[in-house]
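Given as structure tokens, the chain that follows is alone and in the form predicted on its own.
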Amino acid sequence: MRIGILTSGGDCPGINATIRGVCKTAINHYGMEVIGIHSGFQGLLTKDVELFTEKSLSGLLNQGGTMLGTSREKPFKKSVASDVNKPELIGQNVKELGLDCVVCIGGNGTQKTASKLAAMGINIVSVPKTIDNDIWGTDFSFGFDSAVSIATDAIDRLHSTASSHKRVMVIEVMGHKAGWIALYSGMAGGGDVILIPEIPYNIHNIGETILNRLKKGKPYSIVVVAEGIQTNGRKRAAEYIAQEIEYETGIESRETVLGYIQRGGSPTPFDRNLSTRMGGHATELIATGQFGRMITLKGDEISSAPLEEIAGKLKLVTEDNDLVVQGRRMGISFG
């Protein structure tokens, strides 16, 4: 068999480990030929490809980013500037390249595109990739543990500054629609207030929480916010919350925005192993002819689910999540 592999959407730790997991299993165990496709779906449109060998895959396990490059090309999005039928061109190029299957590594947008390509009759197997952990159907996706680890380390470091200056420190982490990073890093880093897009907040409640801490002899507080919380369209989340807290409490407040630091660098051991397992299982699906599926993690078991069940759905934090329930019991404010 001859398979293609691409990475699409934002980069995150663990993509290269997944490429390695797919390709080494394909070459060494199944005797497949592997074609690397550059720049996501853009590379499928232009046939920007390379043949992978064992040597191509050296040193990938702990490397951040993606050695194939990525793009945000959405072939099913209509463009006024172009009269090219991109999905048709992709189908044609897959045939011309002699690919028996294309492995798509990416987030929600990639899963949607992969599902549509599968519906066209192209053999697709996809692997979920996102630091936001918001892909439906899998407990965790690689990249999330690494992002949480980076965010938690930053929160740990802010504790000493907040304590020294008796300030409120507001730290903004990634998460437009889903607050998984804020929830997991906020809990792991001992945040006093955790604000996520899924749970509405009241700024007066937050002010009250911080003043109550002051009354109990705790002169500083750590507030962890997801970038996607409601700010009525005014300013960045951290800046807005810091200013509102200072107004509500009179306590000096400072904001820190982590931004793309969460995306970069080497994956954690957990993500390296998850990537390796997911990549290997993707190749197993190809070898057994199970196409149109996305690799999933359920408990400790690597499995898969039909792409049409996953595409277009988001996995969000709910109020009955164990960490939210336990956090509230311990006196952490969710707004």
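These numbers come from a predicted model, not from an experiment. Throughout, we count residues from 1 along the sequence that is shown.
Here the subject shifts to the form predicted together with 6-O-phosphono-beta-D-fructofuranose (F6P), a form of this protein not shown in this document.
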For this session: Mark R72 yes when one of its heavy atoms lies within 4.5 Å of a heavy atom of 6-O-phosphono-beta-D-fructofuranose (F6P) in the predicted complex, and no otherwise.
Result: yes
Exercise. Just to confirm, R263 within 4.5 Å of 6-O-phosphono-beta-D-fructofuranose (F6P) in the predicted complex by heavy atoms?
Worked result: yes
Problem set entry | Any non-hydrogen atom of K218 within 4.5 angstroms of 6-O-phosphono-beta-D-fructofuranose (F6P) in the predicted complex | no
For this session: Spell out, yes or no, whether the shortest heavy atom distance between K166 and 6-O-phosphono-beta-D-fructofuranose (F6P) in the predicted complex is within 4.5 Å.
Result: no
For this session: Name the single residue among H204, K95, H176, K235 that comes within 4.5 Å of 6-O-phosphono-beta-D-fructofuranose (F6P) in the predicted complex, judging by heavy atoms.
Result: H176
For this session: Go through E198, E255, E248, E227 and name the one with a heavy atom inside 4.5 Å of 6-O-phosphono-beta-D-fructofuranose (F6P) in the predicted complex.
Result: E227
Problem set entry | Options 98 to 106, 187 to 195, 126 to 134, 204 to 212; stretch whose heavy atom lies within 4.5 Å of 6-O-phosphono-beta-D-fructofuranose (F6P) in the predicted complex | 126 to 134
